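Okay, so here's just one chain, in structure tokens, the form predicted on its own.
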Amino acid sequence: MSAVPRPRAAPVRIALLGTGTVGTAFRERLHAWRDEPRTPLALVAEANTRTCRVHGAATAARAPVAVGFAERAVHALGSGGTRIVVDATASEALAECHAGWLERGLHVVTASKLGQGGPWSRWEAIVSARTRAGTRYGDSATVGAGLPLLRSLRDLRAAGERIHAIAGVLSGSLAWLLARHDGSRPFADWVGEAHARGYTEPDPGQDLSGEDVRRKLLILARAAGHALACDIVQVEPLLPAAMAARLEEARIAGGRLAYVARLQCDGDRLLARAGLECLAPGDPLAHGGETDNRVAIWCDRYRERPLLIQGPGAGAGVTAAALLDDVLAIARGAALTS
């Protein structure tokens, strides 16, 4: 007697916001995904700053004329079922919408650091909205392009651990630039190449100013349970004019230059900074290549020797993979409860 096949689950509906390098890589990865019977995925709509494209007659509901392209794509998700907004943009305005979407019963998956790495009030709004609505916020692509950084911090906290310090090379683009630059070629040329490879933010100035790293450190600190405000983090920009002297210092010291973010918990006092450092050969952050992120975490169980997490931290491919991982986690969670 043959088994009765399970009925196919209704597809998880997805709206993609942002069709640049990361958004395009996500779309390609999504199209290559081979549906499991319990986790079919459907790209319902995609939008950028110029247009909104809705796929399929069943999802072609008319949105109010006054709303922008992003909200038209979100509107196309309809009501009921599992609906996910994937934000692959660097838009402040869209990050401000995350809490509202969560409140409306939509899950949000994002590579944007502007939601949880922005103002404290925005972070609180996101946490409150997903708690009230029972929705999920997929953020593994925001720091480390999917490396298990945020998950590890949350697991440690859930086990009762207190996070005492975090130090890390959090920018894959700056890691790549500092590994390449030896003074024989203008630094601006390397920046242009990093941008062309898709390693930098859409505006490379966000990388060089340290703002991208500031946001990542804020996200890590908040995941670790520390109420860190934006202005507490002291940030040193990476200035090409000062690079020659710093390179020479590193050569003399036998170390290597790295752009390092540090969080130190001194009782009730939080010390947070990001800037250029010369790392000694034995430093836990000194080893790695290409776009690697390297993060050390000190907590109750890892006091003397930190927990180290390392891997590629920049590039459209790994970022898109992290977005899809979060989408699948939400889809599978919904399937288990249906």
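So that there is no doubt, residue numbering starts at 1 and follows the sequence shown. These figures come from a predicted structure and were not determined experimentally.
The form predicted in complex with a small molecule exists for this protein as well; it is not shown, and the discussion that follows is about that form.
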| property | result |
| --- | --- |
| Interface residue in the model of the complex among 76, 88, 174, 166, criterion: non-hydrogen atom within 4.5 angstroms of the small molecule | 88 |
| Sole residue of 263, 149, 219, 94 within 4.5 Å of the small molecule in the model of the complex, by heavy atom | 94 |
| Segment that reaches the small molecule in the model of the complex - one of 234-242, 181-189, 119-127, 198-206, heavy atoms within 4.5 Å | 198-206 |
| Heavy atom distance at most 4.5 Å to the small molecule in the model of the complex, all of 47, 141 and 315 | yes |
| Contact label in the model of the complex: residue 111 to the small molecule, heavy atom within 4.5 Å | yes |
| Contact label in the model of the complex: residue 15 to the small molecule, heavy atom within 4.5 Å | no |
| Close approach of residue 70 to the small molecule in the model of the complex, 4.5 Å, heavy atom | yes |
| In the model of the complex, residue 11 touching the small molecule (heavy atom, 4.5 Å) | no |
